[in-house]
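The form predicted alone is given below as one chain in structure tokens.
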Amino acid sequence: MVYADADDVEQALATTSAAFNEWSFTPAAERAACLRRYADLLEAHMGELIARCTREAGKNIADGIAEVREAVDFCRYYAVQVEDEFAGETVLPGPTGERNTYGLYGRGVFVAICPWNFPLAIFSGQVAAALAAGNAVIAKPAEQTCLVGAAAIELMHEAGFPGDVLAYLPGPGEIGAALVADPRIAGVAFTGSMPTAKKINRTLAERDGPIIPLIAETGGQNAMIVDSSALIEQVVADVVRSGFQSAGQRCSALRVLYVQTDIADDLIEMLSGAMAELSVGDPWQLGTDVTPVIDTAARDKLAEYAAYADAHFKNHYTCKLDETHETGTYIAPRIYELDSIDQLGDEQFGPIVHIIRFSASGIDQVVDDINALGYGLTFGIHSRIDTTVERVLKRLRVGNAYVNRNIIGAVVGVHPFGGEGLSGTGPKAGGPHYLYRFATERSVSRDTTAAGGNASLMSLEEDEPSEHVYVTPEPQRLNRAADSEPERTRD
């Protein structure tokens, strides 16, 4: 893999800018067909893609399968939306003598800056959404997972997305920075850290020219509240999955576990027992539960934090590592107990869960403390008391809340995913409004009297009441090529 340089950036910008307009007016059905062909190719190449995710991102086999499935879901979901919402103009209500229409169009060249923790799913989702809405795209993958991104781009071109509409620029952060700063860029889709998102936002604000969209999904200090009515066995299974699957390297992963004091000791004991059964090891092995973290920099940062936490917090359990883990980037899953969420500090992007006890009467303060962090990505509550659940959800400011289940593994179209506050700008990926942010809206009003009036009124039956002349039509979809008034329906 050869990294892009400044000349590659310029060539990609020039090529995609020139190709955008034609792609924007490519029929929506053709763009949707490309998405579906790409989805089919992902499934056909599933084994190869899983292997790449394992080799580059350290994903175990189960996570690799889920990665491909999510990428497929994004494509098929957005294909349906494109056919429904981008296929032609919508006729709007208006008086006789006017024809008013509304349509969605591509904005220009989008930059998609994608993360290493979902190098195929998020990569495919961001790029596919931008292409589906009629934009040209320059895709910039994370440095750690360039080969997964390259495989995805090859399949996208094979699926029919034109080469001059979709460019691929692997490389360090300077490549993304150069793209974001260029005035030819019409929008940015980014998934990653909050500091990087803020840098992108500042760069866009300082540019001359129009204000453009930044669609950002960042991290979170994701919390779960467990009250005394919860089923402890279910809570433990959900905490293990939420906190330690994918080595805790999900933006939705559990970071803070609030447990009602009445059941805290029992839950901690059972959770420690469950952690003792976790297999930490080689991602190629089917029996591996917890894989290595992404690279040595991530391992060293987490190890430094663990040393600090061991000295300042109560360590309830740390999984055992042996000599076979010395050559990899392994971090043992562990649980610490804090007195307050104020002790938490920055997000630790790994298999570390912090436990805080609370009294039943203090649950409102718990929610206030979670809100005060400023993040708002995922949240979970385990309670069999409906009034408690509703009370918490009404106070909480979070993008994705889960009740009596784990807090990871959002499904496209079922759990539209994205946060608020410090956790992202919205709209939610895999949700009904995501594609709109990649598009621009245009309306056209025509005075039909200038061409002889509204000819469709002449087709009214003689016995139809004359007041129907003044009934405005309901909004309906037309093909862009059509220029006739819609048939008027009876009341």
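Each residue number is its position in the shown sequence, starting from 1. None of the values given here were measured: they were computed from a predicted structure.
The form predicted together with ligand UN1 exists for this protein as well; it is not shown, and the discussion that follows is about that form.
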Counting only non-hydrogen atoms and a 4.5 angstroms cut-off, does R334 reach ligand UN1 in the model of the complex?
no
Consider H354 of the chain shown here, and say whether it contacts ligand UN1 in the model of the complex, taking contact as heavy atoms within 4.5 Å.
no
Any of the heavy atoms of G374 lying within 4.5 Å of ligand UN1 in the model of the complex?
no
Using a 4.5 angstroms cut-off on non-hydrogen atoms, would F123 count as touching ligand UN1 in the model of the complex?
no
Can you tell me which of 246-254, 203-211, 298-306, 282-290 lies within 4.5 Å of ligand UN1 in the model of the complex, counting heavy atoms only?
246-254
With ligand UN1 left out of view, which of F379, F417, F190, Y77 would have a heavy atom within 4.5 Å of it in the model of the complex?
F417
Contact residue in the model of the complex, from A410, V240, V366, V392 (heavy atom within 4.5 Å of ligand UN1)
A410
Need the contact residues for 96-117: heavy atom within 4.5 Å of ligand UN1 in the model of the complex, sequence order, or none if there are none.
N117
